[in-house]
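Consider the single chain below, provided in structure tokens and representing the form predicted alone.
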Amino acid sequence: MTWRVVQWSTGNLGRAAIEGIIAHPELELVGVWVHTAGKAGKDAGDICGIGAIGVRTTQDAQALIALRPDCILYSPLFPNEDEVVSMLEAGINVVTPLSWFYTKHMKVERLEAACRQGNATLHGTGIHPGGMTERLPLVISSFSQKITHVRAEEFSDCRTYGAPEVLRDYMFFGKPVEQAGESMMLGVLSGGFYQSIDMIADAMGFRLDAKKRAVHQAFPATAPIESPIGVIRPGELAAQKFTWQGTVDGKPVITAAVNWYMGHENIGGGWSIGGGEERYELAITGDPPITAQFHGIHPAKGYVLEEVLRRNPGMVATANHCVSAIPYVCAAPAGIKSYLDLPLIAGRARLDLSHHKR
């Protein structure tokens, strides 16, 4: 069966998602929504740099909903619940990397009602929060017993992140380090990572304390650092770490963390990423203890910056994780579904190696 898909937005992740949808043997791209008027009316393939594919972009949201696709991959910069509700009420399944990863402890009555009305499914997924924070730690934990701590941590050099306005205006890189606490990022990210912590706790049986911890640490440049937003001067924000924890009797048992930085040199305040380069690192403290590192999702050594800015492997991986979920979400019963509610999700063979036929 072929599932008809609309891609909602064409930022770094959206462009990668379009490639992934086209490459997936069970999916057909039928529409693309764009945020800016300058992108409207263009061939979606040209926007992605892969050549024309015969699908024109639009800013007409209602026209895309009227197409009645099987699924919308919803990935604007920030989620709009009203938009998602309208999609679900119209009977369109929604996959998104923005939120709703695990809603058991959230107030989602309106979204649940929309799912019932449209007989549609909503699935939040992604990479961190998402697969690296929830799915893979749960899989790895099955090899251990008497577990006392679960950690999922990201280490990413932001010099290859192709969104200067996000680096500057939202992440606050290049701002005086004293202003780092004014960034909205801790609050914006906490909702997603708190859901990850709850999913791990419920699946593994941790009795969490009622209040979770969220900490933002900021580290200054000690000498000029070249970056995508210009030179970061001494005293300006050059690295930061966000940490979210679930505790039992005040002791951390589940930790999710993000380390974002502009290179490895000339950063003060005790900054360190430990052993290894860019990576995702998962650790289970139990019997036996298990640590796993994931590479390849960050740019390889010797990368060409222009190529990475055009197509970052981390964005591609995140988009692929969303795209791979679409057939399973379309086949699922109506409602808000997490990883715990869906079968094992797998990628697909390259088309020339596949038994699927278009």
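If you're wondering where the values come from, they're calculated on a predicted model, not measured in any experiment. Quick note: we count residues from 1 along the sequence shown, nothing fancier.
What follows is about the form predicted together with a small molecule, which we do not show.
Residue in contact with the small molecule in the model of the complex (any heavy atom within 4.5 Å), chosen from A152, I127, I232, I200: I127. H35 is the sole member of H35, R310, R56, R68 with a non-hydrogen atom lying within 4.5 angstroms of the small molecule in the model of the complex. The closest heavy atom approach of T121 to the small molecule in the model of the complex falls outside 4.5 Å. Interface membership of P137, defined by any non-hydrogen atom within 4.5 Å of the small molecule in the model of the complex, is ruled out. Although the partner is absent here, M315 is a contact residue: one of its heavy atoms lies within 4.5 angstroms of the small molecule in the model of the complex.
Residue contact with the small molecule in the model of the complex: P76 places a heavy atom within 4.5 Å of it. Residue heavy atoms within 4.5 Å of the small molecule in the model of the complex occur in exactly one stretch of 159-167, 143-151, 111-119, 201-209, and that stretch is 159-167.
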